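Read the single chain below, which is given as structure tokens and is the form predicted on its own.
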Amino acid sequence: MKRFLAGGLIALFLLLLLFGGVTIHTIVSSQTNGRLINYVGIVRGASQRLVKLELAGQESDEMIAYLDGILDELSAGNGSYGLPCPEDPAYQRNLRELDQMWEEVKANIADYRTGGNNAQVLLTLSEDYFTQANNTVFAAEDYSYRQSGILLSASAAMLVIMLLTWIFILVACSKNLLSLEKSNERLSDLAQRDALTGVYLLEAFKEKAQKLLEAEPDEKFAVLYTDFADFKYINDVFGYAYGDSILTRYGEILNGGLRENELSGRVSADNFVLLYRYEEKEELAARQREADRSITDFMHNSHDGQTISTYCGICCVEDVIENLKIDGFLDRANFARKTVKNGTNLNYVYYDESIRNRLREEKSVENRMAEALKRREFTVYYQPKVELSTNRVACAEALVRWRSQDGTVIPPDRFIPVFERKYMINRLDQYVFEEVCRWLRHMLDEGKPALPVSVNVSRLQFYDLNFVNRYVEIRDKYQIPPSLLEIEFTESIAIDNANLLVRIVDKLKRAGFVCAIDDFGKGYSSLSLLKDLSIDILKIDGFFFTGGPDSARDMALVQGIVDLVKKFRLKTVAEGVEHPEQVEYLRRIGCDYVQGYVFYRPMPQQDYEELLVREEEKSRR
């Protein structure tokens, strides 16, 4: 196209030069043609004047010479009058006849002067000459008219060429502008996309999605929020390069599945968002299931068949009562995603009334939790751990409950996730720790049995380098012996930052705390933790005990864990045990403690205190 435009412009330019030359030549010719007509007319009129003078007896050789000069220049096209000599046949024929008749006129004038002919002959010849002069003028005018036509045609052609030139220039410029605009659009679009996955960055996604929602209010739109079950496992086990290849491929799959007026974006890490159009709601999950099946196949074929599942929350705009912007729809899709339980199947959850109610409940929790901490609405429950060698309570785990002012008890699964999302879980952890220290101080001051208590420390606490010092200050404030306090943390912290976990545990141990890993075996446990961490207690996750007393495979795994950790001189606690047969099995394989409903449920502080008093009284009998 560029070559065509360039060639067209060159051709038009050459034509413009050609017609410009023709036009200039025609204009110059037209100017001399007017003079030509005038002088032919002079010849016509002067010859009549000359004959009249001669007939009146007034000889005028000067006029004869004057007319000779004009006619000579008309014939030759060269002289002092600047007269042209057009190569026009009609004009040239009339001019030759006019010259011949002039010679006859002059001969008759000479004869008339000598008396050779009469006046009538000269007068008749003069009339004939006048007629021929008229014909010559008409021929000159016709020639001039035709030259004017040529000038008009050349001017019109030049105008057309100039118009075409401008059109070509405008087309070329518009093409360049359009190309530049498209290039700018591509660059702008590229700048708004994630370099790794090719989908839009979150802010660009939200801006474009909001415009689509506003531009097509009657269209059925849905917002999807999806991620992988445990993508950190992929990065840690197989490396970030392989993890990035999965994200890159997933971005290609999501972009490739988009239809008109649909978008894909990346929030962070392995979290993606989508804006889909739909006719029936079922097609949303079906489309995303197909995309997730494609990425699962990619993973299966890429690295020893390793795959992880995906979770997806779907929020249909028509299902939301509130008047929300795109941020609100993203929040609800994300909330729906978070309700998906861990599992091996692909999971897709639609935001609905039950989720809406839960969201409202969580919002209520969010609005009340800071004030609830100030009012001390949180209370500590204790779940005893039974030592299998003695069948007696040996220690307990501190668990938090929220008893609101109206007496309603809110379970921890309703408020702890909110505290975590709002980064207030550290305040709740410290609240529980101080309550435990306060109660232990009470037991010691009253001379009642004070057994060790384990308290949970959230993942967020481990990123606060001062949290160990803060716990030491609280412990020392109530003068609690370090042996009575046990710090529990989940193994998932090690997946985030194993080196940090090792440093914090060493610092806790130097401060005198007993340390325990909670929920061991729930995630992607690494046995190297047992080698690197100076822990004292390993809590085996209740997941192994949910299959009932006949779950031989689970029990075999538990026995393997117990046998292994004995070599590290660690104590073991089986949590979530509900069946007596499991207790007997755990006792036979050498597990140290059992924590579960088979013995005790979590109980209020007063009930646990009474239990300890009764246990002590029994031991004295």
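The structure presented is a predicted model; accordingly, all values stated were derived computationally and were not measured. Residues carry their position along the shown sequence, with the first being 1.
There is another form of the same protein, the form predicted together with a small molecule; it is not shown, and what comes next is about it.
The stretch that touches the small molecule in the predicted bound form, counting heavy atoms within 4.5 Å, is 449 to 457, out of 196 to 204, 449 to 457, 90 to 98, 357 to 365. Shown alone here, residue 401 lies within 4.5 Å of the small molecule in the predicted bound form, counting heavy atoms only. Proximity of residue 577 to the small molecule in the predicted bound form falls within the 4.5 Å heavy atom cutoff. Taking the partner from the other structure, the small molecule in the predicted bound form has a heavy atom within 4.5 Å of a heavy atom of residue 595. When contacts are judged by a 4.5 Å heavy atom cut-off, residue 383 counts as touching the small molecule in the predicted bound form.
For the options 432, 157, 229, 164, the one in contact with the small molecule in the predicted bound form, meaning a heavy atom within 4.5 Å, is 432. Checking 425, 285, 529, 480 against the small molecule in the predicted bound form, a heavy atom within 4.5 Å turns up for just one residue: 425.
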